[in-house]
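Okay, so here's just one chain, in structure tokens, the form predicted alone.
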């Protein structure tokens, strides 16, 4: 049985509990044991553009906590995965950098040693659980659904640090995970483009335009929902979709589901068990089609 420390980060507990709820449901069913981190701080990602050394130190502290527990980290958030995974690999490879960061950690009685690994939820599902086991767990195949996917940037880039075999310009991992549910995963224009959310605190017009263009492309292929694996991307397309509609005088009405919500539906969990009621764009028609078995 795979066993991981779960790293929730900041956004999920405060704004997207549906992602955590659905992930815990499907991982338990798939025999992945999750252990709570005894203590953790921000992954450091929001600080990187301001103070890179601070980002590394914040991430390294979390890694030290995992090292003490002798467990690898499972991250649900793409940004958290990026910070923790990159820091872990950089400090393992760069002795001088490791010594600098350990100099900061020494003040709180910690030392980075480089004994654990960091994986995103998608990597754990594909590599530790495996496609065969996931497929066997699907009890209600969603064969009447056609959806689109948005992998997000940080489980793909930079490829130098991410690895796991996916192509940043033509990502297939999330698509393959979606297909295990029985749903059709549609291709659309500019799939690998950023959602825009990282700059929304500075400028709303640019990210709204970026997200609007993606929603246009998703609508063009008649996808019934968009499937995400990142809380920031999810917020952009779900929470901000009504604001984007008002800004451009458009109506999209495209439900945005976390991947474990889609998988959970295929595994037989109810919408309430997966937190689908928390979605801003209500997936009423989608659920009616699933429950009615219409093709």
Partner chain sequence: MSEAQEYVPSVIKAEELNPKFKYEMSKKHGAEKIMLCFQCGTCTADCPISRFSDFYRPRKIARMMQLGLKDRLLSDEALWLCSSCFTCVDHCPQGVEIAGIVRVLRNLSVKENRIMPLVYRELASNLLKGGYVYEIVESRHKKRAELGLPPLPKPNLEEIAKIFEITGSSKMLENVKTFEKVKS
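Here the structure is a predicted model, which is why all the values come from computation and not from measurement. Residue numbers count along the first chain shown, from 1.
The discussion below concerns the form predicted in complex with the partner chain, not included here.
In summary, among the residues 129, 210, 138, 116, the only one with a non-hydrogen atom within 4.5 Å of the partner chain in the predicted bound form is 210. Interface residue among 187, 99, 111, 169, judged by heavy atoms within 4.5 Å of the partner chain in the predicted bound form: 169. Shown alone, this chain has one stretch from 140-148, 176-184, 120-128, 89-97 that lies within 4.5 Å of the partner chain in the predicted bound form by heavy atoms: 89-97. Within 4.5 Å of any heavy atom of the partner chain in the predicted bound form lies no heavy atom of residue 257.
Taking the partner from elsewhere, residue 251 is found to have every heavy atom lying beyond 4.5 Å of the partner chain in the predicted bound form.
Under a 4.5 angstroms non-hydrogen atom cutoff, the partner chain in the predicted bound form has residue 11 among its neighbouring residues.
Although the partner is absent here, residue 221 is not a contact residue: none of its heavy atoms lies within 4.5 angstroms of the partner chain in the predicted bound form. Residues are counted as partner-facing when one of their heavy atoms sits within 4.5 Å of the partner chain in the predicted bound form; in 156-170 these are 156, 157, 158, 159, 160, 168, 169, in sequence order.
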